[in-house]
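In the block that follows, a single chain appears as structure tokens, in the form predicted alone.
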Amino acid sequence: MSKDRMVTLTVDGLEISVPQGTKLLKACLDNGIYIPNLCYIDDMEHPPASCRLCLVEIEGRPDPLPSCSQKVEDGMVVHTETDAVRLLQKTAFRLLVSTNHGKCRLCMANKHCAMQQIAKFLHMPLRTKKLRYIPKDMPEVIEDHPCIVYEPNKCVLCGRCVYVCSRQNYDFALDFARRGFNTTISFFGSQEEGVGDYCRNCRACVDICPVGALNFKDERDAFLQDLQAKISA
């Protein structure tokens, strides 16, 4: 079948038509239907569906499903706003913010952070009261890389940075390290000659991070100096 064949589905009572093969999440977002999401990128063939925020209910399916991994089907009927969907999204969000120290004012992503957008959408605080604050057992800032800093307590492990870095075909790469609660992002091979220049010119991981957990050292230093000057004024 041609990829350009159009299929028609109904989402929250709205009938939309999109090309066959389109991921359900993309179909909704492209038609102005917002569904919270963190780990999805448009060109992903197999999205990880790890953030568990883009769940929807599809008539005929027994349980909510991540919309990022579902392809649209002709006649599909989708609900994005049911009580069951919201409960699951809020539970996933509480887990994601359990390591968040809530100091948004001190973050370079303040006012354009995906977590702030999702919190507003779900009417949820960025510091959960139902789960205790659990900082990760690692430095607040990791500066192993020649030009990039990583803040693990901000990181939601969405994997966007790992995905875009893997597509650059370098001999070094960002990837997940450790396991469980201590899972983190690590720079493998970052001490090799020339890595700083490659990463400086690439910017892919820094630009794709939805929460400001990855930044260039000089840009972060400049931001903090400017912030300190404003506080002292």
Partner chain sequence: MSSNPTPNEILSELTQAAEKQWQALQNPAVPVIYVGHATCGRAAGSQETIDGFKDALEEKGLEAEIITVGCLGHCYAEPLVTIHYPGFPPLMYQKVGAGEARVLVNSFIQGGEDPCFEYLLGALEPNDTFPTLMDYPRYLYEKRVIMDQCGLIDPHSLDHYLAVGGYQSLAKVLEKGDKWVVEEIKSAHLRGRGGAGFPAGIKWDIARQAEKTPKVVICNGDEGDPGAYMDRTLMESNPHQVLEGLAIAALAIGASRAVLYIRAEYPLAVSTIEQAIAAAKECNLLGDRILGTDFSLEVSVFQGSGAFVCGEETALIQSIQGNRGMPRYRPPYPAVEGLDGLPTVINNVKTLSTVPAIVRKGSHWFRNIGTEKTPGTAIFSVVGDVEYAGLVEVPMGVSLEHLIFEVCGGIKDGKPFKAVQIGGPSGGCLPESELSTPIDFDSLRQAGAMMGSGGMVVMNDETCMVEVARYFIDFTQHESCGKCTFCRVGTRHLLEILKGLTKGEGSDDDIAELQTLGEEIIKGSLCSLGKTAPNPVLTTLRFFKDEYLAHYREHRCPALMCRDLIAYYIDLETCARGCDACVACCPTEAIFTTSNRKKAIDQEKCVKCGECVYACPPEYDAVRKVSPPEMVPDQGIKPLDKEEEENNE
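Quantities reported herein were computed from a predicted structural model and do not represent experimental measurements. Numbering follows the first chain given and starts at 1.
This protein has a second form, the form predicted together with the partner chain, left out of what is shown; the following refers to that one.
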> So, E45, S69 and R179: all three within 4.5 Å of the partner chain in the model of the complex by heavy atoms, or not?
Replying inline: yes
Practice task
Determine whether any heavy atom of H79 comes within 4.5 Å of a heavy atom of the partner chain in the model of the complex, and answer yes or no.
Solution key: no
is_contact(L157, the partner chain) in the model of the complex, heavy atom dist at most 4.5 Å
yes
> Heavy atom to heavy atom, is C104 within 4.5 Å of the partner chain in the model of the complex?
Replying inline: no
inquiry  = Taking the partner chain as it sits in the model of the complex, is A49 in contact with it (heavy atom to heavy atom, 4.5 Å or less)?
reply    = yes
Note: exactly one of V149, L88, A119, A109 sits with a heavy atom within 4.5 Å of the partner chain in the model of the complex, namely L88
Looking in the model of the complex, the residues of 90-116 with a heavy atom no more than 4.5 Å from the partner chain, listed in order, are T91, A92, R94, L95, L96, S98, T99
